[in-house]
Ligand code: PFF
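Just one chain follows, in the form predicted alone, and it is written as structure tokens.
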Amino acid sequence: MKQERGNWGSNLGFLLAAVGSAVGLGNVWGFPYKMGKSGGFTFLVIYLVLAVFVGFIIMMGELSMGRKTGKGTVGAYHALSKKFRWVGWLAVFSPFVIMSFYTVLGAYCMEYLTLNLGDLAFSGAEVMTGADLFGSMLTNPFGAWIFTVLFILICFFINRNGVSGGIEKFNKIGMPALFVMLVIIIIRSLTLPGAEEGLKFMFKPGYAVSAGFIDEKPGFLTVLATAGGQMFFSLSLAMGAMITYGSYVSKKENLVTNAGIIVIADTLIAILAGLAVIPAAVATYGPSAALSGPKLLFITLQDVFAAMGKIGPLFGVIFYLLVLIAAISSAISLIEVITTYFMDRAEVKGKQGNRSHIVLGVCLAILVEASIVALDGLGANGLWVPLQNQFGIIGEINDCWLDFMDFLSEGLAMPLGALLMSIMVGWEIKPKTLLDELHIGSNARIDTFFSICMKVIVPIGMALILLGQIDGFLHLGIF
């Protein structure tokens, strides 16, 4: 039975959804911190080079794979390749694993939004410090689990309404709202006394070391691996999202231009997120500020808002709302990757896939794995058993289920999938297979550039990024 495949209502709707998928939690805390600890402007230059020669190429490749085949990730690889058809499963595995912790982080944002709303409503109440608030939240696993359920419910109601009726509608409202709120936070951040130190942290090469923010300047390969890992997670590459979204794009649209817009928009918002977060944190704490991971969002910045006095909770509400929107926009794209696989599978079997039932099943499966991460509380509740005690692995992954799930997805599956995808396109099916699709609606002369990058530059870059990711997570000392 041939079922009618969903389509974007407009190209603008597709772009907002694709940018929404790319713009997520990684932009808000990952990009600014990694930029600072990896040499500031040096990191930015390497990131931009990778975005052009690796990210842009893979973005075009994934969008064209989706539109050419009209299938989700698994179906697209099966239709295009004989040797690498199994790689599609990596791009379904990645979003499923990512959602195990992404939903929990989204739930934390919901909880902080609620708490700041309460502080705003009862301005006379004493505001807890970020450390106390975060600690009490982590050691209250039932509360974290309830907000995790609420986050997944929101995603369920969006995804069940389909591509144009759910995902596109949410992003048409959510992305402009996110941008406006981001500008408001940037203005407040840059007007705080001492904010210029945060700007130096981000944009002045070597300043993070000389000012005492980090102990030593990282080597080139370390920066390359850090920038590459951030780029892939930030752009939603190698996790099936762009193949899936591309499968809903009309043949009349220009994929080359669209891919460029997505990469530029995501990078711009990542830099803006840095301007919103880092100057405020550094202005409040100086070199002692916690600028990485969940501590940045839920301890450092909460203290920044608390230090603003009565107006602080208002900025807290705005900030955590924009982060929540970013989390939802990315989460619904990952759910759609898994949903599309089951929809395509039903079609292959001659059945009509019931979207509501499929989305419900996907969300329930995600809830099961997310419950482990939520109840673990970043290791505060003792559910994690260090891997080296079980399997003799060198190093450890920070003693919590969230980091382990992050390692499986961002550390292994995503860079490995992108490496194999580039080899498949460059050397098995040949770049012309996808260039024919990219030429539809586009006069851009990209054939030579696309071919050289896909055959040589992307595989080499991805091999280095993969090694760097494994080294970074397991502390092996390779780089």
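When you see a residue number, it is the position in the sequence shown, counting from 1. Every value quoted in this text rests on a predicted model; they were computed, and no experiment measured them.
There is another form of the same protein, the form predicted in complex with this ligand; it is not shown, and what comes next is about it.
J.: Verify the flagged residues 97, 100 and 378 against this ligand in the predicted complex: is each one within 4.5 Å by a non-hydrogen atom?
T.: Not a single listed residue reaches this ligand in the predicted complex, so no.
J.: So in the predicted complex, is this ligand close enough to residue 462 to count as touching (4.5 Å, heavy atoms)?
T.: No, residue 462 is distant from the partner.
J.: Check whether residue 21 has any heavy atom within 4.5 Å of a heavy atom of this ligand in the predicted complex, and answer yes or no.
T.: Because a heavy atom of residue 21 falls inside 4.5 Å of this ligand in the predicted complex, the answer is yes.
J.: Would residue 27 count as a contact of this ligand in the predicted complex, using a 4.5 angstroms cut-off between non-hydrogen atoms?
T.: Taking the distances in the predicted complex, the answer for residue 27 is yes, it comes within 4.5 Å of this ligand.
J.: Could you confirm whether residue 258 comes within 4.5 Å of this ligand in the predicted complex, counting heavy atoms only?
T.: Residue-level check for residue 258: no, no contact with this ligand.
J.: Pick from 333, 409, 148, 284: which residue has any heavy atom within 4.5 angstroms of this ligand in the predicted complex?
T.: By the 4.5 Å criterion, the partner-contacting residue is 333.
J.: Which one of 155, 239, 373, 76 is close to this ligand in the predicted complex, taking close to mean a heavy atom within 4.5 Å?
T.: The residue in contact is 239.
J.: Which among 137-145, 228-236, 304-312, 203-211 is in contact with this ligand in the predicted complex, heavy atoms within 4.5 angstroms?
T.: Among the candidates, contact is made by 228-236.
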